[in-house]
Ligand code: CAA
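Let's start with one chain on its own, the form predicted on its own, as structure tokens.
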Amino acid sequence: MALLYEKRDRIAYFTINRPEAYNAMDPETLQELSQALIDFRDDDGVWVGIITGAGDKAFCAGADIKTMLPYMREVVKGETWREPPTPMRGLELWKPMIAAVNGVALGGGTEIALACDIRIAAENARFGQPEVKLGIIPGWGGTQRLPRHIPYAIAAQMILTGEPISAQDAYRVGLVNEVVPLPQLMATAEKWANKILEVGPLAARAGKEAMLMGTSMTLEEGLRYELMLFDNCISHTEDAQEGINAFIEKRKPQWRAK
């Protein structure tokens, strides 16, 4: 299978499984990823996702040039509803996602990582948006998310020259949360996932929604949106009452995502 999808201990694992092609995305892989992410979104039993690539060289080298670009030109043709929905575009996913970047993340690979909330990079990882070298621009959110995550000048450097940056430079500019040796990558991603599993799952989703939706709002609009989500958490979820009771009773909360 081009995408491996499994669930363990409330964590969903997504592995792009085309190591012979540096885990480049073809239309079939994109479709499988979309279906897996929708299943993850709708499954109450899993609360955090981790996405990585097979092998030790590539997270995802972007679009498979021979298949994906003709698909975008001849099938999608600018009509985004034809493209399978993903967090890059078209799929609202409030459950936290972690990218475990195990090698090169170029083009769509960087854009997949950008659509995640936390990014852990192996020391051999590289991030780049080389699309301009093909006479095109990023098409899965790179021009929009990259300048929102890192300084504009660095985003412009990456998008306008097509040159990649190292994992260490990605950490320096705030693109990744942590850089670790490759053998420690998945254990580190799982450490972050387990930290998130310790908090209220509905609260984590509301926090993510507030941050993402707020980026396109004025401060006042964002504050109103935050208050709406806060009120929903405290007034309409069992988890909020459980969290408060657990704090008062000095015990670990038992979250139910309800």
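Predicted, not measured: the structure shown is a model, and the values here were computed from it. So that there is no doubt, residue numbering starts at 1 and follows the sequence shown.
Beyond the structure shown, there is the form predicted together with the ligand, which is absent from this document and is the topic of what follows.
Interface membership of residue 108, the ligand in the predicted complex, 4.5 Å heavy atom rule
It does: once the ligand is placed as it appears in the predicted complex, residue 108 has a heavy atom within 4.5 Å of it.
Taking heavy atoms and a 4.5 Å cut-off, does residue 140 contact the ligand in the predicted complex?
Yes.
Examine residue 72 and determine whether its closest non-hydrogen atom to the ligand in the predicted complex is within 4.5 angstroms.
Residue 72: contacts the ligand in the predicted complex.
Can you work out whether residue 167 and the ligand are in contact in the predicted complex, taking contact to mean some heavy atom pair no more than 4.5 Å apart?
Close contact is absent here: in the predicted complex, residue 167 is far from the ligand, nothing within 4.5 Å, heavy atoms only.
Pick from 221 to 229, 31 to 39, 64 to 72, 205 to 213: which stretch has a heavy atom within 4.5 Å of the ligand in the predicted complex?
Within 4.5 Å of the partner lies stretch 64 to 72.
Candidate from 91, 136, 156, 182 lying within 4.5 Å of the ligand in the predicted complex - any heavy atom
Selected option: 136.
Among 98, 176, 114, 104, which has any heavy atom within 4.5 Å of the ligand in the predicted complex?
Checking each option against the ligand in the predicted complex, the one that comes within 4.5 Å is 104.
Considering only 13 to 31, what residues come within 4.5 Å of the ligand in the predicted complex, judged by heavy atoms?
Residues within 4.5 Å: 20, 21, 22, 24.
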